[in-house]
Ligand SMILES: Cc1cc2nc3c(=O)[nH]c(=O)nc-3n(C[C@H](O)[C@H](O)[C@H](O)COP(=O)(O)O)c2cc1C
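Heads up, the chain below is alone and in the form predicted alone; it's given as structure tokens.
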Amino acid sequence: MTRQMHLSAFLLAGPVVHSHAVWRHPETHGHYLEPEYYARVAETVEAGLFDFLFFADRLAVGDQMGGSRDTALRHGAQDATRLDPLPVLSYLVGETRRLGLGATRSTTYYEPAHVARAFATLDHLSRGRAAWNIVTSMNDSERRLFRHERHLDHDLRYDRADEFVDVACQLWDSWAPAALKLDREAGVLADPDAVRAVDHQGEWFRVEGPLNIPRSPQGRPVLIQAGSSGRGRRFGARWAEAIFTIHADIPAARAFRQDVRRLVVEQGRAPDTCKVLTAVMPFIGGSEAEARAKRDHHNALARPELGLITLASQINFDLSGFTLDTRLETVARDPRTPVAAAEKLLYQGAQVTLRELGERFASSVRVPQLVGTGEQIAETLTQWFEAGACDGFVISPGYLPGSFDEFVESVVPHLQRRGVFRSAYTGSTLREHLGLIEPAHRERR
């Protein structure tokens, strides 16, 4: 069978997405406190045969920029307000039939049992369509919200995450596939010999007892991750079945995918057990000029100062001590700048100014903006896909639900005609959509 492209829809349960202009855009209808807002998107992307709809998340209103939340709240930075995505997904279970449903949960501010129970429940209620995006959390506003004295160092957060996911998997495996009997006549609910207690004594967690939820339809939810650092990539290679990334061109994206696949093999896994999905933000018109006008109108609504607030939150460093015309190489060399923040800044380009980066982050948080007709966008996506730059794409909207409506109506048919995207769902679970097998049940260790 010809290799097939995978598609995910990207959302936040809030007023902005990668685009800080979403809530202001005249083509955005409804708002983030209304359940119909999300249902409309889910129905559209399911009609477009997307693999899954995914909600990113962060837990606190950031104050990394000048120690203030005023501008973020007044004008709508990315972290200004968000709903908890898991209840939103629970609502969408009843609004969809085949679409995968993913959400973020942090390994730093939750416990393995919290995450294992929540996603096992979602997987049961959706009949096997759940996905967990694993994050380690990054900034001090989240730390203070949960009253932690200090934020764990970068690599330690991943060390904790490794053990966290391992414990969650043990809990999902605590019920054997056939443990639940529901034999009414005999009065037998479950086979106790097939329910194995977890007894984990590790560096970060002490966990005893089985999960109180039977093994779910997928065995466990699909595991998603987006870390791009060296340690983050190694973590993803061990656990992730889909990795999100952002790259500006085919060579960079292809190099990233090749590195991920190499690391996956080093973990003893087959390379195709981890799908690499790169993010794009399409602006689609009846002509290229119309599409360009749509993009320009959208970008004009995105306030650059909000982009810098989001950047400061992502690198956990206050940029307010530098002028907007300061180049990133100067910020990176400043003794006040932490090493990790400096590396992330230089990755954007040493000669780029804070003003330019603020504009970029406000309009798309670095996600490449694709401009053209539906056929042109489909051609670009196919080029990336066939060049081995990715296994598919994360589609990020500029306005809602119109960005997804336009993509499904104008791009998907061209992808199908090119033979790189499905013409119908052939499975019912997210693992089936992604071509992944159910993980083997692990006996108690």
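Quantities reported herein were computed from a predicted structural model and do not represent experimental measurements. Residue positions are given as counts along the sequence shown, with the first one as 1.
As for the form predicted in complex with this ligand, it is not shown, yet the points below apply to it.
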Exercise. Every residue in 77, 141 and 310 with a non-hydrogen atom within 4.5 Å of this ligand in the predicted bound form?
Worked result: no
Exercise. For the chain seen here without its partner, which of 54-62, 30-38, 411-419, 374-382 has a heavy atom within 4.5 Å of this ligand in the predicted bound form?
Worked result: 54-62
Exercise. 299, 228, 353, 108: which sits within 4.5 Å of this ligand in the predicted bound form by any heavy atom?
Worked result: 228
Exercise. Of the residues 170, 363, 133, 218, which one places a heavy atom within 4.5 Å of this ligand in the predicted bound form?
Worked result: 133
Exercise. Is there a heavy atom of residue 174 lying 4.5 Å or less from a heavy atom of this ligand in the predicted bound form?
Worked result: no
For this session: Answer with yes or no whether residue 341 is in contact with this ligand in the predicted bound form, where contact means some heavy atom within 4.5 Å.
Result: no
For this session: Determine whether any heavy atom of residue 245 comes within 4.5 Å of a heavy atom of this ligand in the predicted bound form, and answer yes or no.
Result: yes
Exercise. Would residue 154 show up as a contact with this ligand in the predicted bound form if we use heavy atoms at 4.5 Å?
Worked result: yes
Exercise. Looking at this ligand in the predicted bound form, which residues in 95-120 have at least one heavy atom within 4.5 Å of it?
Worked result: 104
